[in-house]
Structure formats: C-alpha cells, structure tokens
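Read the single chain below, which is given as structure tokens and is the form predicted on its own.
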C-alpha cells in the first residue's frame, strides 16, 4: 500500500537578471543543492516586482513568493531599484497580514551573481519555512477560495496604493534601516489605517457584490466585517455612485 505523498510546496521566485539570477545560475553550475520547489520568473530589476505580481502569485496557489535582487546601493540601473523592491515587500507584508495571509510566506533577499552558495543557503532556509507552514491557507486557517477572493480585492487596489505611496508614504531616508524604521513606525501605522484599510474593505465589498446582490447582513457575515463598518463603507460607496439599493438588497450600480 502506497504511503502518503510528500508535500512539495510551490514557490514563485522573481529574480533580478543581473545579480540574483546570476547567483542562481552559479549555484546550479557549482552543483550546490536546494529543494526543487522554485519556479523562476526573471526580471531586469527587482524594483519591477509590482504588488500585483505578489498578490496574483498567491492567488494562483503559490505557497511562497521569493524576491531576489542586487545588494542595496548596487542596482544595475539606478540607486533606487532595489529600494523600490524593499518598499513594495514591506507594504505587501502589511497588506497580506491584514488579509489573513502569513507574511512569512513572502521573502526578499539580496544575492549577487558571485554568491551561488548564498543563494542555495537562502533557498534551503526559505523552502523549509514554507514547507513548515504547509499549503497556502493551512497556517492561516482560512479556506483557499476565501483567501483568493481577498487577494483579488487587494490586486484591484494596487493603483490606489501606488498613488498613496507616492504622495503620502515617502520614506525619509534611503537606507535599509530607514525603510525598516519607517514601515515599523506609528506614523506609517496611522497612515496605513487611515488611507488603505478602508479602501481595502470597500474593494472586498465590491468584489463580493459582483457575484450577486446581497443584504448588508450577508455582506457583514460573508466578509467577516463589523456591521457598523459595513454600513459606513456602503454609505461611502453609494455616495460615489458605485452601488445601488433594491429594497433590502445591495448591488453594483450600472452606468
């Protein structure tokens, strides 16, 4: 009788062409060993890894997402490329945590083209971490379909998040310590709660309503949101002309 099949996680890796991809190539040539879970997507710069790429990878059943770029201040395009990757990763982790996704499923590392053994060490460590977390949704205790719905709502919000980052969430000091300090600060926490969480909830509401008209109570129960919070968001959405009311049902407004 065959035993249980070993769980093999799927990890999507976005690798910078000039450094991390070169490190991965050297790792292979040098025959350094790491688990074969990584599915590589090569980009010219780690700063090209959009928030939407991360959310879509998880929504498409990735168990982990890895971003690998040049060391800070060593970007092959400009000094800001990998800082953009750092900012996007820290923002993505905060949004993922709010959605109920374990942020440890997302990892960013700097690996040069000459660090084949470091690439193997990083991938062994991250692969073991993802494997210990189990299939996407397992450590979260949330149905994968529900997580996918939340991630799709977050993806719809990405253009707005970019605008907020450019106008209100500028990191004052371009150093790794400066980014970590800013994204861990009360200032960022307050701005995140004020500018992003309400929009994220409204995006989830709109995604839910696109399936079928429902009552406010069904919205609250289906999304796990406080009824008072739902009422506030519905009032805002109605004011923007995005929803309409048909007796006790709420539906997406037709234009």
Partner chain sequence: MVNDRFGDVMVVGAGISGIQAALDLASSGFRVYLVEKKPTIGGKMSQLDKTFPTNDCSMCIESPKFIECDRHPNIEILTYTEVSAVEGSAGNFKVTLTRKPRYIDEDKCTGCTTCTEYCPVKVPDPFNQELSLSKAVHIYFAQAVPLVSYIDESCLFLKDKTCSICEGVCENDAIDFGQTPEKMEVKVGAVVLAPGYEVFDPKLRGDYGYGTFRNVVTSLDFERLLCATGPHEGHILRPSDKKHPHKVAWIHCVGSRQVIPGGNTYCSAVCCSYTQKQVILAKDHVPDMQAAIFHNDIRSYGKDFERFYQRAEKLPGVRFIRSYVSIGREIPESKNVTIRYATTDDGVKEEEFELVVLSVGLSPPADSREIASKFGIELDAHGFCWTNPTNPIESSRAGIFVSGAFQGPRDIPEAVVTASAAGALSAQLLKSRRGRLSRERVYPAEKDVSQEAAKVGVFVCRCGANIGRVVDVPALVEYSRTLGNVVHAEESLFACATNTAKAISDTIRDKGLNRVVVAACTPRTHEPLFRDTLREAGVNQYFFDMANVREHCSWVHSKEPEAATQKAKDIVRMSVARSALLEPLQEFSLPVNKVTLVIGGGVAGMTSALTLAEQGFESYLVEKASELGGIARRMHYTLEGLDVQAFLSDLRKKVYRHPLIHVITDATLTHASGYVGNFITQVKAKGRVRDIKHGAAIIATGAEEYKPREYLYGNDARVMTYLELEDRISKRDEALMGSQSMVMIQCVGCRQQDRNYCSRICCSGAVKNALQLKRVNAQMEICVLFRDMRTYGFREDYYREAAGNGVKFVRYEPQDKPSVEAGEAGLRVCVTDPVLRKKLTLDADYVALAAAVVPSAGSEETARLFKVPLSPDGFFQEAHVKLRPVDFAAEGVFLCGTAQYPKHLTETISQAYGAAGRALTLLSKDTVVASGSVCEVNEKLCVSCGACITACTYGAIDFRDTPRGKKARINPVLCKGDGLCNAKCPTGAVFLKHYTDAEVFSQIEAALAESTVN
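Residue numbers count along the first chain shown, from 1. What you see is a predicted model; the values in this text were computed from it and never measured.
Although not depicted, the form predicted together with the partner chain is the subject of the following passage.
- Only one of 189, 60, 226, 215 lies close to the partner chain in the predicted complex, with a heavy atom inside 4.5 Å, and it is 60.
- The partner is not drawn, yet in the predicted complex one stretch among 207 to 215, 226 to 234, 192 to 200, 49 to 57 has residues with heavy atoms inside 4.5 Å of the partner chain: 49 to 57.
- Shown here without its partner, the chain carries 24, 27 and 159, all of which come within 4.5 Å of the partner chain in the predicted complex through at least one heavy atom.
- Heavy atoms of residue 219 never reach within 4.5 Å of the partner chain in the predicted complex, leaving it off the interface.
- The partner chain in the predicted complex comes within 4.5 Å of no heavy atom belonging to residue 122.
- Contact between residue 96 and the partner chain in the predicted complex is not found at the 4.5 Å heavy atom cutoff.
- In the predicted complex, no heavy atom of residue 176 sits within 4.5 Å of the partner chain.
- Shown without its partner, the chain has no residue in segment 204 to 222 with a non-hydrogen atom within 4.5 angstroms of the partner chain in the predicted complex.
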